[in-house]
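As structure tokens, one chain now follows by itself in the form predicted alone.
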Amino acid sequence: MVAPLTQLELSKFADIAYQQTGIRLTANKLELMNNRLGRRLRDLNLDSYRKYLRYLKENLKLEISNFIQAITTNETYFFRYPFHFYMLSKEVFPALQGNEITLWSAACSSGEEAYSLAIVCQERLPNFFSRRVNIYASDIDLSVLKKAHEGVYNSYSLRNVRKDHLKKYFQPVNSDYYRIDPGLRDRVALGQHNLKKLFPRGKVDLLFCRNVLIYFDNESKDLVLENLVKSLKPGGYLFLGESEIVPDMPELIRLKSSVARKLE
């Protein structure tokens, strides 16, 4: 039987998490991490957290993705926070000018948000088929990016998708699972990215980074926000999670509590 995770062991895991991602694991996460990391111990057939610490350090490049997945919450689903997508259709898309539009789903997890953006672009972006639309999706966790590339989702994840869109953009796998249409999947470029670094694909018109900043301490959060704002074109839009508030920054105009536009 594995002995419970101790505060000392948690602090050592926390150091690795912070060094690699900027995510801060606090002392009050002891029980939660005991459960989540415990599952990883069972997967590896290890009988102590001390042994997992050693394994993680000795196999960091190989194991870091599994570690990150264990300590973070990847709950997501299609068209999460419908108001954001309504705002895209009614306010943001009509304001986007030019023949090339670039969108970025940052910390995209298993891809539901990115593919939701692809659907709403095709359905609601004026002159979609005559414009060049680039959709990028990134996450630090390679395992969730693999799921995004596979593009297979259950009915619970698809509960907010309209029936006509489900028929148009998804192919049934069985009674409960659907696969994203290959044409839509190919519209989204997936890649690994750490938000503590600048986005390597250039500047974007629209940036979704929702329910991510809660994992960072203030120092890392400031760095990530700085990088996000630098990645926006003048006049570009930033969407945070529905319960998050865009901080006061000189480059941004807050449109809603969780939505801002960069000054032109």
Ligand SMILES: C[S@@+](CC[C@H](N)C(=O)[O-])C[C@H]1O[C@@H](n2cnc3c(N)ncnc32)[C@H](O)[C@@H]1O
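Just so you know, these numbers come straight off a predicted model, no measurement behind them. All residue numbers refer to positions in the sequence shown, first residue = 1.
Below, we refer to the form predicted in complex with the ligand, which is not included among the displayed structures.
The partner is not drawn, yet in the predicted complex one stretch among 54-62, 26-34, 228-236, 211-219 has residues with heavy atoms inside 4.5 Å of the ligand: 211-219. For the candidate set N160, N154, N194, Q122, a heavy atom within 4.5 Å of the ligand in the predicted complex is found for exactly one residue, namely N194. Here the marked residues N134, D205 and R254 all miss the ligand in the predicted complex; none has a heavy atom within 4.5 angstroms. In the predicted complex, no heavy atom of R185 sits within 4.5 Å of the ligand.
In the predicted complex, at least one heavy atom of S109 sits within 4.5 Å of a heavy atom of the ligand.
When contacts are judged by a 4.5 Å heavy atom cut-off, R80 counts as touching the ligand in the predicted complex. Contact check for I140: a non-hydrogen atom falls within 4.5 Å of the ligand in the predicted complex.
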